[in-house]
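Shown here is one chain on its own, the form predicted on its own, set out as structure tokens.
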Amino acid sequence: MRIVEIVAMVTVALFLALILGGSHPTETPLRGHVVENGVAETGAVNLVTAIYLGYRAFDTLGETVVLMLAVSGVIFFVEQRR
């Protein structure tokens, strides 16, 4: 049974490597705009902070809410079983 699991994982890994391994442009208009104007537009101290908190703040907030709901759900169901 372990052999089937290992073959399945290797197959999925190879599939993902083939799909995600394509050529991607290193320069895009959006990348250029963010690099040139990111700090000025967001008021952040550095570019990583500008991208994370300035441009992706709502996305990050949404991910945090989903994570908290998932943790709360797990705690709720574990407490009911006791």
Partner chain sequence: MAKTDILDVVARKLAPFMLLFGLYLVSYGDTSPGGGFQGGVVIASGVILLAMARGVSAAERLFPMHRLSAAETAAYGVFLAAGVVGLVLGVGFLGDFTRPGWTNSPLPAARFIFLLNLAIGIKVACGVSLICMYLFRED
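Here the structure is a predicted model, which is why all the values come from computation and not from measurement. Numbering follows the first chain given and starts at 1.
If you look for the form predicted together with its partner chain, you will not find it shown, but the lines that follow are about it.
**Request:** Tell me, yes or no, whether T11 is in contact with its partner chain in the predicted bound form, where a contact means a heavy atom of each within 4.5 Å.
**Result:** No - in the predicted bound form, heavy atoms of T11 and its partner chain never come within 4.5 Å of each other.
**Prompt:** Counting only non-hydrogen atoms and a 4.5 angstroms cut-off, does T49 reach its partner chain in the predicted bound form?
**Reply:** Yes.
**Prompt:** Using 4.5 Å between non-hydrogen atoms, is V34 touching its partner chain in the predicted bound form?
**Reply:** No, V34 sits far enough from its partner chain in the predicted bound form that none of its heavy atoms falls within 4.5 Å.
**Message:** Is it the case that G43, even though its partner is missing from this view, gets within 4.5 Å of its partner chain in the predicted bound form, heavy atoms only?
**Reply:** Yes.
**Contacts with its partner chain in the predicted bound form - residues in 52-66 whose heavy atoms fall within 4.5 Å** = Y52, L53, G54, A57, F58, T60, L61, E63, T64, V65 sit within 4.5 Å of the partner.
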